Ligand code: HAM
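A lone chain, given as structure tokens: the form predicted on its own.
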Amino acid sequence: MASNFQAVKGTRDFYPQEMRLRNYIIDTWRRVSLRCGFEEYDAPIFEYLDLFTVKSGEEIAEQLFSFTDRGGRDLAIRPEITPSLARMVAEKINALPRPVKWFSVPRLCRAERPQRGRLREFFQWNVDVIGVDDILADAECIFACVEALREFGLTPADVEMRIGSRPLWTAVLDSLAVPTERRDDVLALVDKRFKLPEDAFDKLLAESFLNDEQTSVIRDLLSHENVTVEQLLTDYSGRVDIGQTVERLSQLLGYLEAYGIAEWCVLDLRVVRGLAYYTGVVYEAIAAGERAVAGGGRYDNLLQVVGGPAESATGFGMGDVVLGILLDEKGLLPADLASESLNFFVIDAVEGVFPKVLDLVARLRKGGFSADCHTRRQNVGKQLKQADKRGARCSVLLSGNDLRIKTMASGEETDIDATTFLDDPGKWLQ
């Protein structure tokens, strides 16, 4: 009887081809992280529910896959790893050298409506620096993010790093007498500007609790999509005290210039990030169609929220789903992801030599090469077809002690004895 079981909506099955793409993305993230001086960590896939609600409020519970275990404990599968990071660092804060430069690539789950680029289960690259108040830590994270985008083959024409400032928004909202308890509501509304058509956003803004003056100033701030620090000082220094905020932004831009990535970056006051725990510079890597490929910022209060000491912290996350779609659209996925890639496929060209085939396969594998052979006796033509399907670089046709090496791409064939071949198999892959 045929099974009717299917993967849960919003999740993915990783067949070998999809697994190759996943590994390509994660291996690139890991390589860039290590190159930039970050160390890898991980945490449990589920935590106490309170760890997430204390950070984001009780309403976050509706967005989680949560459950009660046999001991009556309220737990949740992690929707992000930053709270776990904060917990881990807070537990050993006195033993950890500063700065804490960590990265992770966790599998995350969120109970939301699946759509293109947004799934219930996904992988996310997280990069964080803890224990450094200097804006250089933010520049370090932005550099790592841009370095990964560049390594994937993307350019500033494909992705723009937009940089905003929560303190600037807070100062302006203070000057407008927006109640402290309502600021997060305003910023959450502003964060929707990228996600909604302009008329839909205008309707929400008009229906909010804000008065006409407040709405007018917010619209003005949202018009600053590509701004300079000089313009910020000209437009707002007479209204609110933003000198220190603008100075930090200026320092950040100077560091990004020194890192050689200024062409990727613009100041954009429309970027505020929706999560309430951000306290400083925020940024998003935006691709065509206003798709956020990555996002992050400074969150200096989070360790205190989970019971730790006051510590400066900054970091970002980049998901694999939107990134994979973007790389595919740009034609930037490596060609060898489409099929398996073997170094050698060994063929018994005559009967009675199969034990020697296995011996040769074993020797190649022990020498660090990927090698395989057929699982049942077939004629040479069928075995060559199998080698081609497996993506083998070379076929090795074995007849006694004699070998024939066939380069699959060119069809060129060379006869050689086994001893000479095994002295340097790699030369046939060049």
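Not measured: the values here are computed from a predicted model. A residue's number is simply how far along the shown sequence it sits, counting from 1.
The discussion below concerns the form predicted in complex with the ligand, not included here.
- Taking Ala276, Leu337, Leu119, Leu221 one by one, only a single residue has any non-hydrogen atom within 4.5 Å of the ligand in the predicted complex, and it is Leu119.
- The partner is absent here; in the predicted complex, the one residue of Trp264, Phe316, Phe143, Trp102 having a heavy atom within 4.5 Å of the ligand is Phe316.
- For Leu149, no non-hydrogen atom is located within 4.5 Å of the ligand in the predicted complex, even though that partner is not displayed.
- The ligand is not shown here, but in the predicted complex it comes within 4.5 Å of a heavy atom of Val321.
- Although the partner is absent from this view, Arg110 contacts the ligand in the predicted complex, with a non-hydrogen atom inside 4.5 angstroms.
- Of the heavy atoms in Ile130, none are within 4.5 Å of the ligand in the predicted complex.
- Picking from 180-188, 353-361, 289-297, 156-164 the stretch near the ligand in the predicted complex, with a 4.5 Å limit on heavy atoms, gives 289-297.
- Along 73-110, a non-hydrogen atom within 4.5 Å of the ligand in the predicted complex is carried by Glu80, Thr82, Arg110, in order along the sequence.
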